[in-house]
Each structure stands twice: as structure tokens, then as C-alpha cells.
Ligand SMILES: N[C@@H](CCC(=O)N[C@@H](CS)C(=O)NCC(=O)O)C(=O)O
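Take a look at this one chain, the form predicted alone, written out in C-alpha cells.
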């Protein structure tokens, strides 16, 4: 099989990539990497020295493609399927890409900052940084709540790249800072995402690793 995805099921950005693959039933070989294992980590760093998930390896084209958004665009360009994820219309495509970047930068990364802080040992934590991340996360959720109020999906009525970004970002955001009572449109949107087969599959595959999520350490 030409495509291999290097990933971990618990990773939110890996879930994003998996959704794109599942949406279009794109054939690929999943290669789970445990970064806590020295041997696996060393091999992964040979492939991608930055050491961040996900990474797509395309042997047929001799390409190594990191970064979830670029990875998905690569799939759409070279391995297209029935769900385009990025529309052909330039203006609509720009809206999708803008929504994807907003979600990754202002929701996804804020959630990761809070979770990573919880994983730090005592004496190495940054309470100010966590407070700032939580404040910015709430602001971003407010923006998304207004934008999603009149549409089914993040960038309109068609499921897209932006929704692949939003699904894992909001799934974990709801664990970090439950928003069911504060952002009802986002909460309803998350339920639509959870009902999407591609995301439901990604969540189910991550379930055996949920015990690794530091929910009891979040502050």
C-alpha cells in the first residue's frame, strides 16, 4: 500500500488526519508510534526530525508529508475521493481554510497547552500560561458559537477540512472546559460531529488510550 500514516490514536491532530482518510475511504497503512518507547521514537525521528504527529509517507511519490492541514490537502490533490473537503470555488475554499486555521490556532493549540501543562511535573508548571490559554479558549469558543449558529458545519452547509479540525479540537476542549451550558451552538455542533461516521470511528479507536488523558490533573 502506497500510503502510511504515522500517528497515535489519542492525538487530536492525528484524529483530524484520520477523519480525512476515513471520509474518502482512502487506502492506507496505519503505523502507530509510541513516543515513550526509545526505539520507536528514534525511528520516527529519522522519518521526521521534528517528531510531531501526524506524518504521511507516500512511497509511490517518495514524499513525506507532515502537518495535518497540508497532509489533508495532499490527499485531496493526489488521492481524491467522493468528499472534496475543500470546495472548488475559490471564495468558499478560502473560507474553509480560514476556519481550519482559526480552529487549529485558537482552539486546538489552546487545548493542547492546557493538557501539556497538566502533564508537567510539579515545580515546572506555568499557572499564568494555563490561565491565559483558558481565557483565549473561551474567546475562541465564543467566536465559533456565533459563526456556527446559522450553519450545519464550520464553513457552511458542506462538511469540510474545517470540520476535520473542529471535531477533535472540540472533543478535547469539552473535556478541558465543558461548554454545554455556555456555548450551546458549539455544543450542538459537537454532537453533529460525534455522529459523523469518520469521527465516531476515530474516537472509538482512541478509546483504549483515554486513560492516558490527564483529566484528573486539569486545573
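Only a predicted model underlies this, so the values are computations on that prediction, with no experimental measurement involved. Residue numbers count along the first chain shown, from 1.
The protein also exists as the form predicted together with the ligand; that form is not presented, and the subsequent description refers to it.
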I'd like to know whether residue 117 contacts the ligand in the predicted complex, with contact meaning heavy atoms within 4.5 angstroms.
no
Does any part of residue 53 reach within 4.5 Å of the ligand in the predicted complex? Heavy atoms only, please.
yes
Does residue 47 make contact with the ligand in the predicted complex, using a 4.5 Å heavy atom cut-off?
no
In the predicted complex, is there a heavy atom of the ligand that lies within 4.5 Å of any heavy atom of residue 194, even though the partner is absent here?
no
Identify whether the ligand in the predicted complex is within 4.5 Å of every residue in the set 12, 35 and 41, based on non-hydrogen atoms.
yes
Which one of these stretches, 156-164, 22-30, 64-72, 184-192, sits within 4.5 Å of the ligand in the predicted complex when only heavy atoms are counted?
64-72
